[in-house]
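Okay, so we've got a single protein chain in two different forms coming up as structure tokens, structure 1 first and structure 2 after it.
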Structure 1
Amino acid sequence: MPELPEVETVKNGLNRLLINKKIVSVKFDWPKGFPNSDADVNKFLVGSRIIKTRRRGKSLIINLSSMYCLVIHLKMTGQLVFRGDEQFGAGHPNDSLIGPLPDKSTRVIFEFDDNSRLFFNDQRKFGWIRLMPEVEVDNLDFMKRLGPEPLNPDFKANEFRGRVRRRKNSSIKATILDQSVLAGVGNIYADESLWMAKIHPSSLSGTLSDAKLNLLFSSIKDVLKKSIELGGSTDRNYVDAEGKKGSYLEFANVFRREGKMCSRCGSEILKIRVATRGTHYCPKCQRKTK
């Protein structure tokens, strides 16, 4: 479930591993996920060098020397894993989930001029890759709809409150999962930040006080920052650009902790369904208050 911290971690890894490497071949046969023509791939991808990778919300943008770029979304089970020259047959180190590559979920292979490779794996094929001119990225409809980056210091609490309250009749959980309200929060960090702010996930967005929303905003930022420091969350599939797991879930307070004790009050963590999502919360700490 790559959310903001996981995508940020992959981005940082790619910026350590790929800068200035030249792409010498691309193996792909996945029209739905990577629909570009062979002609465009040969013209704008093969032969170009990696300039830099950036993140916007949960999307990655890999800039190329051709002035084109790869826009990549990992969705639920996507992985971008780099392997050096002699690591393709590497087994399962303790901090990894994956073995020799390619494996049966490999959808695209980028090969570089030093014989290293980048593998795009995606078990469920929800993810996608698009090759396009860099100048067109910010004009993509879904990019234009994205809300502010939660960790951008220019994004202030008053704007957060205003964006949340536009969706007054939605649950607060549905609202912070809405990428047009703010970009990058998914199911894990929604549950964790609502626990931290002591807000019931079903609370209606229009009913929360300034104080509660301010606390939620700072909680979202704190949770995202801590997860980035820990390399993100590995629930089932997520690994970073070197194939390593993230360790945030070892410190999670509610996510996947139903039946366990709340670290703050000792009550039993419950799992319910809110906004069609599995939702974990503490019934004592997170009451429906204003």
Structure 2
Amino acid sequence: MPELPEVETVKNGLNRLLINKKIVSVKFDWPKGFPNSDADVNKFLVGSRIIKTRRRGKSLIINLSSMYCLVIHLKMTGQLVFRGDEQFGAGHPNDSLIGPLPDKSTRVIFEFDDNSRLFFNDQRKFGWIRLMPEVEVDNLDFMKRLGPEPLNPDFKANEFRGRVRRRKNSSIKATILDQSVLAGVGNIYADESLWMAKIHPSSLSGTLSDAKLNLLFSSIKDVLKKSIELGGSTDRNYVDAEGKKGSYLEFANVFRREGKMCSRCGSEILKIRVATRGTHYCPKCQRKTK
């Protein structure tokens, strides 16, 4: 599943190439991946122009001139591939990013008025694109459950502390992975943020001081910003909006570094399971609170 920095990278690429393009046709081969009526497609999608692309949590939202939008979730193997005067591929890094399209993984094709096209490819058929009125997006069940965006300037440390402490008996890693507490943070960036804040991932949320939670709050923001700058992670299934792999994991401090030395203290990085997820940490820097 892509995390916030990967989806933000895709959003930035789409905004660079798709704004003001007019959609002249759409084709799809998998109704579950494009669950929209022909009437809505013909009235609100075909003939509309792309206004902007935005991100909420791990989802993409493409706003249209018709006051409708496309809500997109790439899931595990989704791709968005643009072919025109410029080309880019974003998503699962298989040959569909650079090979002839459509291919056997192509689920949806959008054609624009300049003959460029946007392909939605998805090998495992878990991803989807839903057409709906802009005003209804926030009413989607999964959207209503999403917590604040960690990089939103209006989201402050005191609100973060309050949301974390509602889950005082959960591990801090499980808490920050909970999308109802905080939107968009996944396994990679949870491990990295906890290392930066010197917090053991299995420490109970209720045992952490205000100072520790303030440090974790700033660490999450710093880690996410750094990853966005570097085009996301190379977590085997994500590349950036020009089809180049992100480079964040080259600079990761603990994630997938088990057996290697901690860059801060020299101790051996360990891997355990916390919140059912493989978890990387430094046993010296990140001591568990009691």
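In this text, the rigid core denotes the largest set of C-alpha atoms whose superposition between the two forms falls within 1.5 Å. Keep in mind that what you see is a predicted model, and the values were worked out from it rather than measured. Reference numbering: structure 1, starting with residue 1.
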Given the two isolated forms of this chain, which one is the form predicted alone?
2
Core-superposed C-alpha of residue 265 shifting 2 Å or more between structure 1 and structure 2:
no
Align both forms on the core first, then report whether residue 21 has a C-alpha shift of 2 Å or more between structure 1 and structure 2.
yes
My question is whether residue 59 is one of the residues whose C-alpha shifts by 2 Å or more between structure 1 and structure 2, given a fit on the rigid core.
no
Give the C-alpha shift of residue 108 between structure 1 and structure 2, in Å, after superposing the two forms on their rigid core.
3.2
